[in-house]
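Quick heads-up: it's one chain on its own, the form predicted on its own, in structure tokens.
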């Protein structure tokens, strides 16, 4: 009976089990990461040198392949030289969790290496602004167009065939054109976010609008409602909870274009920080910055979900989340 309760098809779980599974979805990958990082026999293909011994090119804290270390160890044993000493380690691009946790703190407390560099929080703020303006401008155009296309077949037939075609074109392909038109600073980055989300928004919102019960439209038209009032008093209120939920999902889509967008023109934002840290092989800072993007995105979504419950208390899908 207990097993059936956990795995019943399309049955909603009790709140305590939902929370337990939600926590487990984060704990499980972290546990795997810890096992790979701290248990030597799971992977650890490298050896971190603690004492180079008589091997002239070995240095303390240097990472070498296990096969190379073994060969040099056998050579020193045969020659009677000082033996190198080292411990098993993973490659430099896979730092352990505690190093990444330290990088979360030091990233906000350590000043930039160069005088004209930016602090991590300043880089994050640049990225948030790019996302905000790109998605806002996209929504200001896409939401009304999507509602009109979902309500009126003429609008749908006029716009959706081209939008269906255009949505398959990768947004980064327009990077050079965006720089030529908008310059090298924030303009082309915002444009890439706009292009990457606009066409998807129109199609998703138009499909959401079509799901509105047609009986509501018939009743309003029978009562002599004008086209404008039909949109204002029937269509938009009827789809508002679903429209809000669509926008939450599409905002996450905007974040996926951030790294590509910030590589266009002058590098800036969190992408610049990640690029610089990777160049100097500070991969714990790279992981910390990537995780920060996820935390900000997820945190924003959770706040919007809570807000949605207050705005639409009658909406069952919103209140199950």
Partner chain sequence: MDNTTHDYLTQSDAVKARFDKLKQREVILEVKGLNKVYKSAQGETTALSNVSFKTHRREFVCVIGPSGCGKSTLIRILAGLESYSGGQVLLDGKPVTGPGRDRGMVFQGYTLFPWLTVRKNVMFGLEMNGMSGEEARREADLWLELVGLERFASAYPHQLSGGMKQRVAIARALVNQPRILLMDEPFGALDAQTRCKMQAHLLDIWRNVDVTILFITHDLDEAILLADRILVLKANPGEVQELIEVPVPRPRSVDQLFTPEFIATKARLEALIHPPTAVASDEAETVKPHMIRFTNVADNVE
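None of these values were measured; they are calculated from a predicted model. Numbering follows the first chain given and starts at 1.
One more form of this protein exists, namely the form predicted together with its partner chain; it is left out here, but the text below deals with it.
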The one residue among 169, 137, 71, 219 placing a heavy atom within 4.5 Å of its partner chain in the predicted complex is 219
One residue of 98, 121, 210, 233 in contact with its partner chain, assessed in the predicted complex (non-hydrogen atom, 4.5 angstroms)
233
Which of these stretches, 219-227, 72-80, 194-202, 128-136, has heavy atoms within 4.5 Å of its partner chain in the predicted complex?
219-227
Is residue 15 one of the residues lying within 4.5 Å of its partner chain in the predicted complex, judged by heavy atom distances?
no
Heavy atoms within 4.5 Å of its partner chain in the predicted complex: does residue 112 have any?
no
Taking heavy atoms only, is residue 299 within 4.5 angstroms of its partner chain in the predicted complex?
no
Is residue 173 near its partner chain? Define near as a heavy atom within 4.5 Å, in the predicted complex.
no
Going through 288-315, which residues have a heavy atom within 4.5 Å of its partner chain in the predicted complex? Please give them in sequence order.
313, 314
